[in-house]
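Here we start with a single chain on its own, the form predicted on its own, put down as structure tokens.
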Amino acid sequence: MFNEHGAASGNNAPRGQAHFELPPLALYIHIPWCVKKCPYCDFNSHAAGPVLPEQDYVDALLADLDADLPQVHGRPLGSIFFGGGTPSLFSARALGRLLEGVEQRVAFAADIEITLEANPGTFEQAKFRDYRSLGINRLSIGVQSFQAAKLVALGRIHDGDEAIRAADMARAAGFDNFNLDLMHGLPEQSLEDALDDLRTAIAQAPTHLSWYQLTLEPNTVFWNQPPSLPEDDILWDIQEAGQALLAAHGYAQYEVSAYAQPGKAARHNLNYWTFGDFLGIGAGAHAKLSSPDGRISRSWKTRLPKDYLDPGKRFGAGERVLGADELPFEFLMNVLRLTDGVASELFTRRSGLPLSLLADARAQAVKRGLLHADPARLAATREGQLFLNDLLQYFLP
């Protein structure tokens, strides 16, 4: 997602290294409300009441950002991502005031990517045209499936026709860059069911597809009441046939679950996966930030909307500075998700640590056939991508 646009060099090299750079900077904005909570969802989302506290929440988001401004270090924002919940529940007026307030505080890169997550059941033509006029230039539409029985099983509020209309309305509103979010491995799903969903998605001509397997996560309804999911051999067949279908239609896989037309990879997500920095504002939002002296930390905000909106409580809920022994794993668990990996020297630029620190673990992973032997790149083999957790074990502190 990000190139090196806007990266700033650190004033002091960390841990004695001369090649550390402050990475590109992005902003994640969490809007935690949705129409209803889906049984598979473990995100910080909450069913919306009859009236959303838009005004108060935008005020809180901007105050939250004010508190984080010392960590910007002069970098422009290369991307903004509105996630949720369902950010498209908010009015264009509220999002416009928010974006204006953000730009007053942090410079926008000239080619900034601004993505809004939206669900088909919340699409209104005029509303999305207004979103586009604000400078929001990318949508991520949460389809999950086009099939009625699967949508009911997933607790979705839309049907397949609404999902197709959402893609049509996105284009009509001026969005020439949009993602469709699609799941496979759904309850009682066959190979043909999964491929039908994928064919329908491709027919909508999105520039990007996020296609990933349903997993059962703790603290969800599905975790406590597991549905009947396809057997492993069916899941394997779905994965192989689906990837072939996507490739045949010009969607190149560039990450474990991300497929894009040429030049349409998600820049915001690429920043995550290349160990870039990101501010996180909103209830439960997470951040990863570097300082010029090489300190790298992860932090998170208070989770419940009522607490986040309480002026008597702090936005921040916690922060953890990453130790030098943790950085190899933290770096690699991101970059090895990319099908082509990254240039090896990016490790030093992002961490301030010498590449030689990885030598022994790299040699073992190469010997196991999980990592490519090319010394100039850090990239998982096909087998390494399939068994990424096994590959990452070599780099644990």
Ligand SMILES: C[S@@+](CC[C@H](N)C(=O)[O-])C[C@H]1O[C@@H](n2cnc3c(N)ncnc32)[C@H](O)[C@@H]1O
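The first residue of the sequence shown is number 1, and the count goes up from there. Worth saying up front: this structure is predicted, and the values here are computed from it rather than measured.
Keep in mind that the form predicted together with this ligand is missing from the display, and what follows is about it.
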Among Q261, Q243, S297, Q213, which has any heavy atom within 4.5 Å of this ligand in the predicted bound form? Q213
Which one of K288, K301, R156, H208 is close to this ligand in the predicted bound form, taking close to mean a heavy atom within 4.5 Å? R156
Sort through 136-144, 165-173, 94-102, 306-314 and report the only stretch with a non-hydrogen atom within 4.5 Å of this ligand in the predicted bound form. 136-144
Output flag, F275, F347 and P354 jointly within 4.5 Å of this ligand in the predicted bound form, heavy atom basis: no
Quick one: does E217 come within 4.5 Å of this ligand in the predicted bound form, counting heavy atoms only? yes
According to a 4.5 angstroms non-hydrogen atom cut-off, is F43 in contact with this ligand in the predicted bound form? yes
Is D181 one of the residues lying within 4.5 Å of this ligand in the predicted bound form, judged by heavy atom distances? yes
Taking heavy atoms and a 4.5 Å cut-off, does Q204 contact this ligand in the predicted bound form? no
Can you list, in sequence order, the residues from 64-86 that come within 4.5 Å of this ligand in the predicted bound form, counting heavy atoms only? G84, G85, T86
